[in-house]
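What follows is a single chain, given as structure tokens, in the form predicted on its own.
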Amino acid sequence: MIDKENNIFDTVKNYYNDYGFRAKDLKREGKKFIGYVCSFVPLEIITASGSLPFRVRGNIHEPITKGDTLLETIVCPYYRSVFDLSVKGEYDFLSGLVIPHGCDSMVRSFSAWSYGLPFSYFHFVNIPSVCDESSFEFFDAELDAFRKSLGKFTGKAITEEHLRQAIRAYNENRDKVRALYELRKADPPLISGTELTMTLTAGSSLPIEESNDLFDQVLTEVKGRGKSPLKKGPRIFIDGACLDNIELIKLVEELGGNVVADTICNGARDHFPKTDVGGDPIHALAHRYLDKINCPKTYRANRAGTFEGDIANRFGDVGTYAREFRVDGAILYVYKYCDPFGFEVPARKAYYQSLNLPLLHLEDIYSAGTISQLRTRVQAFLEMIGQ
């Protein structure tokens, strides 16, 4: 449980550094945890089953060794790290694992996960790659199949009311995350990017009720500061895939920048979209996870008819957040072999150019050993936009 006697950020650091220790405690109490990879897994269905979702993450300080004997090395290094830790037993407290069609690496490696790990339950969520009427019909059926499969595993029929309760809890969670982001609009921001990333990462390892409680306490702590403990500096936007560690953001802030906004998978891309309430909960979840999460794996037709209109449609969230959080520059952080983001780099660069927003493109391999190599480039970028 959260220790309310200490500063809440001490608790956040404990959850972040000893990732999964709360889940291990609850496992000993008889709770079932279902691990998931990627923001496309509908957490509401897992929670509605009586199980607890747990986002498996990698570790940039841990060399990838055992996992490379079972998975190709041309797979995204972030994903390889997650798999490596799983094979090494880091997540043996899980009862099952759910993998979605988030990228080709996830699709093609599902058999390696299911054969190489000792979990009792595995499920692959097949997500359409386009957004049209037939896609939603297919995805409705796919999520309903997941609901039935997980219900059979847990021995609990997942009803519409169970789903609605879970949807309300996660919408509340996302409202709290949005409130945390609002605290970054001050100049300098009231909460650092490092603190927020640690908080969101910690929250993804907790039951939804405890995650909501944690976010409430962080909100209370930060609002009570009165003024920012940070210094003014270039306001930086981070764009890219999953960033489940603080090292890049910490580097930017050590060099005098303030990370104030993002479109990363475990940041705004994951937490800002909410699920509609009042109708069929399965259909509402299908709409949220397929249409509202703006990921490059999902193709959206070019209805504008021009390249300029297409990139404005595909990356418009970047422009919206850049204006809302008054950013001075952006860092596009892409992992090597990440095909969905890698193929989009030229178009994303063109969109940033249309915004007249300075951009630093970094390609990395998900390793702490490369962070020091990025220092010079990040420092030069901050100096350039700070002139």
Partner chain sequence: MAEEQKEAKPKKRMTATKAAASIGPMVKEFITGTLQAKAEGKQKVAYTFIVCHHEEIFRALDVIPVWTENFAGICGAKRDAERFLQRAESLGLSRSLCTYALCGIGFDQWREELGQMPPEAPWGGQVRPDFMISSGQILCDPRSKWYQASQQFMPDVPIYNIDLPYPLFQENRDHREALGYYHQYIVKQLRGLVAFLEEQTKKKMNYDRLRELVDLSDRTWNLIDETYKLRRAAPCPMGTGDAMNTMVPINFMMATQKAYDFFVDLKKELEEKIAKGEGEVENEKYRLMWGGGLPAWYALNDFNYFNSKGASFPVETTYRMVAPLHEMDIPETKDPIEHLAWRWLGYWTFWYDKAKKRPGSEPDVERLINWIEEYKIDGVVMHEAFSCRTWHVGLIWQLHQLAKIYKPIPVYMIGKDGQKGKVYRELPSLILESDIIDITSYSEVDTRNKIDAFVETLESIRANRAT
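Treat the numbers as computed from the prediction; the structure is a model and nothing was measured. Positions refer to the first chain, counted from 1.
There is another form of the same protein, the form predicted together with its partner chain; it is not shown, and what comes next is about it.
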Practice task
Considering only heavy atoms, tell me if E363 and its partner chain come within 4.5 Å of each other in the predicted bound form.
Solution key: yes
*asked:* Can you work out whether P128 and its partner chain are in contact in the predicted bound form, taking contact to mean some heavy atom pair no more than 4.5 Å apart?
replied: yes
Give a yes/no on whether P346 approaches its partner chain to within 4.5 Å in the predicted bound form, heavy atoms considered.
-> yes
- Item | is_contact(N212, its partner chain) in the predicted bound form, heavy atom dist at most 4.5 Å | no
In this chain shown alone, the residue from K185, R108, K232, K223 with a heavy atom within 4.5 Å of its partner chain in the predicted bound form is R108
Only hit among R168, K156, R300, K292 for heavy atom within 4.5 Å of its partner chain in the predicted bound form is R300
Only one of 213-221, 306-314, 198-206, 234-242 has residues with a heavy atom within 4.5 Å of its partner chain in the predicted bound form, and that stretch is 306-314
Applying a 4.5 angstroms cut-off on non-hydrogen atoms, the residues of 63-80 near its partner chain in the predicted bound form are D68, T69, L70, L71, E72, T73, I74, V75
